[in-house]
Structure formats: C-alpha cells, structure tokens
Ligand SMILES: Nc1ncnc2c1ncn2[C@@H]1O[C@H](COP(=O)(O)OP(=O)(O)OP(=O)(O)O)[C@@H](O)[C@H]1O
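First, one chain by itself: the form predicted on its own, in structure tokens.
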Amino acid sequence: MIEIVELVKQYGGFTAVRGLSLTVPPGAVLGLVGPNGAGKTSTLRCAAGIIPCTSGTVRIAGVDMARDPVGAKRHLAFFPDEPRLFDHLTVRQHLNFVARIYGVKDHEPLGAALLAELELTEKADALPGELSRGMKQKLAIACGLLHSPKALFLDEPLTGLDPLGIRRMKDSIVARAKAGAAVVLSSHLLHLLEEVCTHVLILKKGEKLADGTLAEVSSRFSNGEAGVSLEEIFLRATADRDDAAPAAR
C-alpha cells in the first residue's frame, strides 16, 4: 500500500505540491495526470524518497519514509522518464548488481524471466551504449522489478517504446498489480492510462482536483453522458478549475 498524507513540497518560495493526500491499495493502478507543471514528478520523487518532502507523511507498505527510508525503499521501485544506467555494465551485470544491493538470492531465474518478458534476452551481454532508447527503458524496469517491490512509481515509462513495447509494458504493469503491488503511473498518454488504471488523480498547480476510481471521477465530470474518455474528463476537470478561478476573487 502507498499512503501519502498532507504532502507539501516547496522549492524556495514556490510550492509545487500543496497538501496532497492519497492512498493506493494493493492491486490498484492509479493514473496521476495533470498539465505540465502540475507537480506530478515532484509528488513521485517525494513519495519515493528521492527528494525530501517539505512536510507531510509517506508510508510504503506501512513503513514511514521519513523514519525508516531504507526500510521503505526496500518495498518500492521508482522508474524515471529517463533511464539511468551504468555505461560499463552489461544488461546481465546490471541485474546482478541490483540483486546484490537488494539482497535478492538466487536471482538468476527471475532475472532471466524478466529479460524474456521485456524482450532483452538477446541483449543480455550488451552495454547500454548498444541499446536503443526503448531497450534502455526496459532494462531500467527489469532492474526495478527484480526485488519484487510492493509499490511502483512510474514517471512516463512508455517514452521511447514502440507499439509492441508499449503493449508489453502495459501488460507487465497490470500483472504486477494483480500480484498485489500498488502502482502509481504518471503519463500524458491518457488513452493508454485508461486501459490499465483502476483509479485516477488529477493535479493542477500542485493541488488535487479530483481522485477516485475511474467510474467515480467519470461520473463527476461526465454530465450524465456515457462513454466519456479520460482525456475528456481531464479537459473538463482542468477547464472547470480555470473557469471557477475568476469568480473566487
């Protein structure tokens, strides 16, 4: 489970995230959406313990990130939009290195299965410089999944993937959720989020505009219409916010 309570993130005098609270239970896939500058990446990085929160509480699988950051991070995996790899380690050596860090014993069968799932088996002895952008992304994801995390944070994970790679990645995300992981997925590809997400949270200027199951959020912004897409829901939610602002002055 992922629990975030009254999260605030400030950069000097700028507030990127304003008192955000959310809960993602095991098996749920939360789509985190919002316009550029909404605070999505700051939220994910704070929740993953990559940057400190200004205030608020983050718990991963019941472990408080501030009180026990190492314990909390053992339960999670964070996938940034730009994969960060070691230039002089092969694909296989990356998995070996990650296994040692997380203390994953007898990791070879699991590593081989991940390489097969992500179509990297033939590149097991290749260096990052020999991989395409999409393959680098797949390697980063394979490394992040090796310790079977209970919480996944994905920031634009589909960047650089071809259509088949996108399909396989969506299947992998759904499979992890079905196995009991709590997933937060941030992407501008709303039609793809709609296919894998059970819940959605809409952010704008660091504030939560709406959250809940897809059905609940759709009902709020559909105006009684059937079959309203997530993209249309997003546009209506953010437009409503803009329209309400002048009247609130």
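Here the structure is a predicted model, which is why all the values come from computation and not from measurement. Residue indices: 1-based, along the sequence shown.
Omitted from view is the form predicted together with this ligand, to which the following refers.
Peer 1: Only one of G180, G37, G62, G212 comes within 4.5 Å of this ligand in the predicted bound form by heavy atoms, so just point that one out.
Peer 2: Partner contact (heavy atom, 4.5 Å) among the options: G37.
Peer 1: Given the stretches 189-197, 28-36, 63-71, 220-228, which is the single one in contact with this ligand in the predicted bound form, using a heavy atom cutoff of 4.5 Å?
Peer 2: Checking each option against the 4.5 Å cut-off leaves 28-36.
Peer 1: Is A237 close enough to touch this ligand in the predicted bound form, meaning at least one heavy atom pair within 4.5 Å?
Peer 2: Residue-level check for A237: no, no contact with this ligand.
Peer 1: Under a 4.5 Å heavy atom criterion, is A16 part of the interface with this ligand in the predicted bound form?
Peer 2: Heavy-atom contact with this ligand at 4.5 Å: present for A16.
Peer 1: So in the predicted bound form, does E117 come within 4.5 Å of this ligand, heavy atom to heavy atom?
Peer 2: Taking the distances in the predicted bound form, the answer for E117 is no, it never comes within 4.5 Å of this ligand.
Peer 1: Looking at this ligand in the predicted bound form, is some heavy atom of each of F86, Q137 and D162 within 4.5 Å of it?
Peer 2: Judged in the predicted bound form, none of F86, Q137 and D162 sits within 4.5 Å of this ligand.
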